[in-house]
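As a starting point, one isolated chain is supplied in C-alpha cells, in the form predicted on its own.
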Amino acid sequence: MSDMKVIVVGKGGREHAIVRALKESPSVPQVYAWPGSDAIFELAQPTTDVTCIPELLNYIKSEKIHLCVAGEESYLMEGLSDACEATGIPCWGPKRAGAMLEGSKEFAKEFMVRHNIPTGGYASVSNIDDARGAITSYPCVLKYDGLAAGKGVAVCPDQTSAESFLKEVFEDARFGDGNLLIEEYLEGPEVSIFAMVADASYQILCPARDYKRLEDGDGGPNTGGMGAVASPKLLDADLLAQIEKTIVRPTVDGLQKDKNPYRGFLYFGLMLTTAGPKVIEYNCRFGDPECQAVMPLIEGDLAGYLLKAASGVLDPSYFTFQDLWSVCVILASAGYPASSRSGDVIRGLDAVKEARVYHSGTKRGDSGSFETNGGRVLAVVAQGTDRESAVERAFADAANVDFEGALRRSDIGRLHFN
C-alpha cells in the first residue's frame, strides 16, 4: 500500500524504536504517534487535541489511518484494541482479555498451570499476614498482581528485604489495590523471546536478554531495564526448538482453547533452569529495552507485515533479521528507580556517530536542547558482527552522552556471556 498511514500508541523508547522501524520500511508509510514525545515527533506526525482513546479513534477515522500499533500495555488494558475492533480499525495489539496475560500475574499463572506450560510454583495472597505465612524459604520472588511499570517485582534474599517489599505493597499501597504472588525462585540465565501472534499462528522473532538490576553484576534494585543484547545467534537451534515446543506453541494453543483470540506482540520472559526453560512472565507488547536492541536488526518491511498481520495473516517473507549482535545501553536519571529527576540538560547527542539513540524519557527544554523527563532517559544502541564489537561500539557512543546524575551500567552485553 503506497499511501499507508500507521499510528503508534505510546511515548517511550520502545515506541521510538517501533516508529523508526516503521519509517524505514520500504512501503514508506506516513507515521503518526499518540501521545508521543518530542523525540518521537521528529519522526512521526503528532495528533492534535487528542486526550483519550475515544478521541484517538475519531482522529484515526478522520485522518483515514490504516493501522493502529499498540506500544504500551496500559492502553491495551484500557481496551484500545477492543475499541478499535468495535469501530472497524485494524489494531496490532491484543484485546483486553488477551492483555490480561500481562495485566494480572495471577491470571497468567492460572493460564500456565491450566495449559501445562512450565513455570515456577506460586501462592496468591491478599494481606500481609498471609504473605508472611506463604514465604517458606529464601530467596523468594514477590510480585504485585497488576501493572506496575516494571517495578512491582522483588527478588528477596532474606526476611528483611521481603518485609520491606511487603510494607510497600500492603501498608504503603505503592502499586494500588491488588493481590501479591509469592513465587518459587528460579535459577539460571534469563532470555526474552518475542513472537508475532495472529490467532492460531505465530512467528518467533530474534531473541534477546535484558538486564533488570540497576548496578553492575546484577546488583541493586530491580528496574524497568538497564540494557539489553539481541542476536539471532543468542540461542542455539535446539534450545529455541525446545522453547517453541514446550512454551510458545502451548501458549498460542492455550489462548485458542480459552477462546481468547490474540493478535499482537507477545513477550515471553524465560529462565533457563537446569530442569529446562520456564516462564517468568508474559508481556502483551514488545519488551523494553529489548525492543530497542531488536528493531535495528530488522531488514524488510515491518509496516507492510503488521498491516497484514492485523488482519490475521502472518507473512514471514516481509522481513528477516540481520545476522548481527545488537547491544543497548540505558542511561537513567538521578534517583532511579525509586524516583527520577527532570530538567537536566543532555549533552553529547550530536557526538554519537555509529549508534542509534532512542529516547525513553526526554523533552525539549526552553533552550531547544533535550532534557531528562523520566526515570529511564535514553538508549544508545549499536550493532556488530560479533558481540564484543557491538559492545565496544555501544559503550563508545554511550560515553559521549551525559547529564547531571546519569546512571548507567558498564557490563551490558558482557555479564552472563562468560
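Here the structure is a predicted model, which is why all the values come from computation and not from measurement. Sequential numbering from 1, following the sequence displayed.
Keep in mind that the form predicted together with a small molecule is not shown, yet the notes after this line are about it.
The small molecule in the predicted bound form comes within 4.5 Å of no heavy atom belonging to residue 100. The closest non-hydrogen atom of residue 199 lies beyond 4.5 Å of the small molecule in the predicted bound form.
The small molecule is not shown here, but in the predicted bound form it comes within 4.5 Å of a heavy atom of residue 212. Although the partner is absent here, residue 281 is a contact residue: one of its heavy atoms lies within 4.5 angstroms of the small molecule in the predicted bound form. The chain is drawn here without the small molecule; in the predicted bound form, the stretch among 324-332, 89-97, 343-351, 139-147 whose residues come within 4.5 Å of it by any heavy atom is 139-147. No member of the trio 204, 263 and 310 reaches the small molecule in the predicted bound form with any non-hydrogen atom inside 4.5 Å. The listed set 153, 135, 117, 235 contains one residue whose heavy atoms approach the small molecule in the predicted bound form to within 4.5 Å, identified as 153. This chain is drawn without the small molecule; in the predicted bound form, the residue among 74, 222, 242, 164 with a heavy atom within 4.5 Å of it is 222.
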